[in-house]
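Have a look below at one chain only, the form predicted alone, in structure tokens format.
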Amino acid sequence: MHMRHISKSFGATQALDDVSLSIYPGEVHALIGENGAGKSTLIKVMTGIHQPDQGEILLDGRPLQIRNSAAAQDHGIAAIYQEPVIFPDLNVAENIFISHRDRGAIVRWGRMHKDAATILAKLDVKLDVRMPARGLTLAAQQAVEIAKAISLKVRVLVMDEPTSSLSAHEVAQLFKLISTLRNQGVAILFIGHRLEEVLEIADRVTILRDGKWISSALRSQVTTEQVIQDMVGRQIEDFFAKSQAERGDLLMSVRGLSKENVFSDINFDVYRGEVLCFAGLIGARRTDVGLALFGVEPADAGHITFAGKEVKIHSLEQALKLGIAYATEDRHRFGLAILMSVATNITLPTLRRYLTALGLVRQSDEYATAEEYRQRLSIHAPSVKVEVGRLSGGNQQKVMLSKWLNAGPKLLILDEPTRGIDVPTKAEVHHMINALAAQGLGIILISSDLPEVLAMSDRVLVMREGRQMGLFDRKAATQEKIMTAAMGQNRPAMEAQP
């Protein structure tokens, strides 16, 4: 299969820019890149979910038009994801053949069970085809997904982060399955963030960055250092750099923060006027730590000292009373009331300030506050009375920031504050973060954008799969060092807490 000069944009965002990729029968081709590199978009073009703006796809030398996932399936192109699509109330055989449209209206149960057992045997997977899928382990569910693809005569199999939730033993089982498929002539596109696993299983490696093709090479021709360099080769100077603010007193100290099966033994300090960045790849559990500090998903163990006092944060209300605010990465689902006005959104967490003795909203005061933030943060809206849903993504982000700034926080947790917004607005948000730090706020910035992390941080805490992998001050942090820690390559020693 050949993808030639594929380009795809969504509005002003260029997700793919002239990307070419070839996948050959009987090989495992690894596709690597940072979050936002364009990997997911390329997969969706390949499987018919998105149509490319430019470029072509060829199979056996013939151009294809893959208009939907059913068409991709007809051509033998399938994908499995980190969360298998399994119907828990159906048995193993039913899950394997659920996508078939050519076996007639009457189910021949005996034939289906026999065919399912044959496919699993080819994969050397021992499962009872009559058992309900509800009781399967995640690794077994993935095996069923692979068997489903085999039943559809798959020729090109995309595996998107298939090891992210697997134990070391389950990964070994999966790699055995992949080797079996490779020996049967299936072309496999393998996407992963665990670099040591990717380089173990891959025959060839392609790297994307910012929606562009960067390099392709045989596995034997690349090193870990080269892969990381290609992944993070952007110039930090292209982004707004944080000016150095004077650091104030210790605001928060966290020791041994843990939540069972989520994250463990997280340790850091945050000072007034400081930006502490949480860095890591998908599945690092950075957001879970932020939610624990905000009381939404409290930690099970550990100690938190805030403004000189040891505290237990078990609810959002407790966090707000302490002076902790959290701007979520998902502004549509959790950050904003999209159908309500700009003014209502900005004053929502502090609504009691705007109520009369009878419980009615003093709209003049509410509008005055909202107008102050509209001007202060340059929110482009015709009026504070307009629905937030009518604003651009960048302006919605500014409304959400206004909402939490109006609460008067001492510590502001910003989770992916520039995701999905254009470059000029991103620069505005960076300036805001810089100004807030200069005013003495402590800021925790959770970001998947490595140039942003390096440009905006005073210190960087790197996480991987719920574990703290490194803590670097601004001078010590480099792109290579952060990516090496995020991928679990030679876990670095922790920098001393200042």
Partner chain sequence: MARSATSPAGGRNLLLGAWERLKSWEGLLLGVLVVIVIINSLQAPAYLSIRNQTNLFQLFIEKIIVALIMTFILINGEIDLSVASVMGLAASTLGRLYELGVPIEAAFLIGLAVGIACGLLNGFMIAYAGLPSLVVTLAGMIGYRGLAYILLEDRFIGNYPEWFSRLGQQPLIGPFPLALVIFFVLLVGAIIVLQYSAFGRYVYVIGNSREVARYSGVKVRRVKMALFIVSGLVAALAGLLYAARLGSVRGSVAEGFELDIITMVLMGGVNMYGGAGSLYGVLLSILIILNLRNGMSLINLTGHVQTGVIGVLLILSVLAPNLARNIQATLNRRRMRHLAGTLSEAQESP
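Positions refer to the first chain, counted from 1. Heads up, when I say rigid core I mean the largest set of C-alphas that superpose within 1.5 Å between the two forms. Note that this is a predicted model, so its numbers are computed, not measured.
FYI, the form predicted in complex with its partner chain isn't displayed, but the following is about it.
Note on the partner interface in the predicted complex: the residue among A217, M340, A307, A301 having a heavy atom within 4.5 angstroms of its partner chain is M340. This chain is displayed alone, yet in the predicted complex one of G393, P349, G408, G248 has a heavy atom within 4.5 Å of its partner chain; that residue is P349. Remark: all three candidate residues (L336, L360 and E366) come within 4.5 Å of its partner chain in the predicted complex, counting heavy atoms only.
Contact annotation: its partner chain lies within 4.5 Å of heavy atoms from the stretch 312-320 in the predicted complex, the single such stretch among 312-320, 266-274, 219-227, 250-258. Proximity of D473 to its partner chain in the predicted complex falls outside the 4.5 Å heavy atom cutoff. When contacts are judged by a 4.5 Å heavy atom cut-off, F294 counts as touching its partner chain in the predicted complex. Within this chain, S22 is remote from the site of its partner chain in the predicted complex, having no heavy atom within 4.5 Å. With a 4.5 Å cutoff on heavy atoms, K385 counts as touching its partner chain in the predicted complex. Using a 4.5 Å cut-off on any heavy atom, the residues of 46-63 that reach its partner chain in the predicted complex are, in sequence order, Q51, P52, D53, Q54. Core-superposed comparison between the shown form and the other one: the C-alpha position of P451 differs by less than 2 Å. For G359, the Cα coordinates differ by 2 angstroms or more between the shown form and the other one after the core has been superposed. In this overlay on the rigid core, M469 has a C-alpha that sits less than 2 Å away from its partner position between the shown form and the other one.
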